[in-house]
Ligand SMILES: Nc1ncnc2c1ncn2[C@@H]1O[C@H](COP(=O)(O)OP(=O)(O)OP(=O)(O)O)[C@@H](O)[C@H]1O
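Shown next as structure tokens: one chain only, the form predicted on its own.
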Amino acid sequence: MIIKKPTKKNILWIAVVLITISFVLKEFLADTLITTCFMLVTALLAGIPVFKKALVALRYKIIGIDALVTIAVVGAVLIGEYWEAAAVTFLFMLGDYLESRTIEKTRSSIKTLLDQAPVKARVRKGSQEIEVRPEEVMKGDHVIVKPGEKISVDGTILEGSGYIDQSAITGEPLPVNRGVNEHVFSGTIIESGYLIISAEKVGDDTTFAKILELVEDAQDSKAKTQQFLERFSRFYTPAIILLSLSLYLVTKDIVLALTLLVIACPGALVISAPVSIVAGIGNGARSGVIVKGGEIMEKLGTVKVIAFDKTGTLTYGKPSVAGIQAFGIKEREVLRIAAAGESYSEHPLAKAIIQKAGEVSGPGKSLPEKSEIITGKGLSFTLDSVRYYLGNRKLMMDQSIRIDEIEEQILSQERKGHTQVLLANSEKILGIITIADRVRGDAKNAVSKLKSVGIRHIVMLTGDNDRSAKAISNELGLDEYFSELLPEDKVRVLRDLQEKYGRTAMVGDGVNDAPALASSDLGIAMGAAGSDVAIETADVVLMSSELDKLSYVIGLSRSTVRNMRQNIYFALLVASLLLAGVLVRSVHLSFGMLVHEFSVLLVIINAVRLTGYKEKSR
């Protein structure tokens, strides 16, 4: 027969019975042997976990709260204050239990995420459907998902369609429709329809698993305030022991000295910062915003400048070919050559050209030779033994190719916010491909909300030409824009903004803007679901592409810092009042412990409020 170890709750209930009997005996029988025995048993039962923790901490040369309580209880027993010893240990135990239950609520968001983890997967093997655990699914397996089931892998839909609840990944409250060739994530739920998915990321490589890991790491990451409080408590606790000893030597009052030990426990102060940070980060994760740690959470609310990348951030990043003009060759040929040259490029403009070429002539068969990417300008390549240049006017000027005859035409399109991609051989311009990208529908509103929450300066950094940048900047009401920037130019501009205005955040897609994200005070990657690079490099990750989340997370950061300060001030106030009460001899040992535990609980309950934070409508 296996005897189960009693739970903390069971021990607490036994302690409740013992302390009640001790109190009744104390009131009706006074100081009898049986009364003393019940008090000592209560103190021993409730005090053992505290004594153990104090000893473990001492092995690592740490004198913490448990050591203070242990000294006070042992001292109370030695001087015959058995009721005080029993009451202090019981109250400390009760407080510890309530703290652990309450603090679980601050981690409710991570529990919600854990509950959304898939527990099974249905894989097609030949003509059979086999249920396996998600970690047993292999890349390339065909996973079948039916209505109401959780998707267990990241992958591409091969067959079927349905409405999918993606709130676990992006925070989007409404289900989205997904069909063949579209991407789906692990941890999301299909509400209607059915899917057959080709597994591309499985187990710990899925976006859901990475989010879970990031949130757990972030909640354990300490804010600067928290680090300071922990350093403070390392010196504070030994100092209190010395102070109590000094008080005893001066007053010869051992009860007074022991009471000082108990009321000086920095429990509420030490816990004041981490509970707020944990609750704030959890709230963000539930809404599809991952803030990587307490220090980032503290910084976010103090941002003065926000710099946006253009393509993929303020615009949809899915530009399409709006027009083609050829000089001396056919338009179809301009498109064919350009698409061949862009074969190895991942740039959004390249994808637009390749897609258009596919629509006009079918999948391309020509591949370039000696292809060379010229950062910030375009590329050069050889096709059919001819050297071509594809890019912006800077590239043409570098190659001494004249563009004066088409200059006005280029300017006209750029004023509309369109991008012009020029194709040339070593002698002349062969064609112009006009590419247009739409501004995001929520971009203007997001900029307005950021201004309303006090962001001093909002700018756009882009490698695009001045006229296109100006058109978009005017449309969105930005304070400033910087155009025709190379990646290193963006880093330089960010440094200038930091010097002029203060703390600066850079918002990008996390892939093309890695240097700028890294060099800003805070890097914010948006639309990062499925992008490992974005999740790894940014300080703040918006899993969806909703720009509105920026003002939300800044408001959340400020509320978290405000909540943390409220906790700190409250803890200091309570400690000061208790200290004054001890010095005027109006606070005794068990009452001091009761107030101390109550203050800890209030601090945690205040932090729990952050789990329900919502952005105020303006």
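Please read all numbers here as calculations on a predicted model, not as lab measurements. Quick note: we count residues from 1 along the sequence shown, nothing fancier.
Below, we refer to the form predicted together with the ligand, which is not included among the displayed structures.
Contact check for G417: every heavy atom lies farther than 4.5 Å from the ligand in the predicted bound form. When contacts are judged by a 4.5 Å heavy atom cut-off, D464 counts as touching the ligand in the predicted bound form.
In the predicted bound form, no heavy atom of G284 sits within 4.5 Å of the ligand.
In the predicted bound form, at least one heavy atom of D309 sits within 4.5 Å of a heavy atom of the ligand. V421 is the sole member of V421, I197, A121, I190 with a non-hydrogen atom within 4.5 Å of the ligand in the predicted bound form. Residue-level contacts in the predicted bound form: of A446, M396, L379, A357, one residue has a heavy atom within 4.5 Å of the ligand, and it is L379. Heavy atoms within 4.5 Å of the ligand in the predicted bound form are found in exactly one of 494-502, 371-379, 404-412, 84-92, that being 371-379.
Across the proposed site, E342, N392 and L485 without exception bring a heavy atom within 4.5 Å of the ligand in the predicted bound form.
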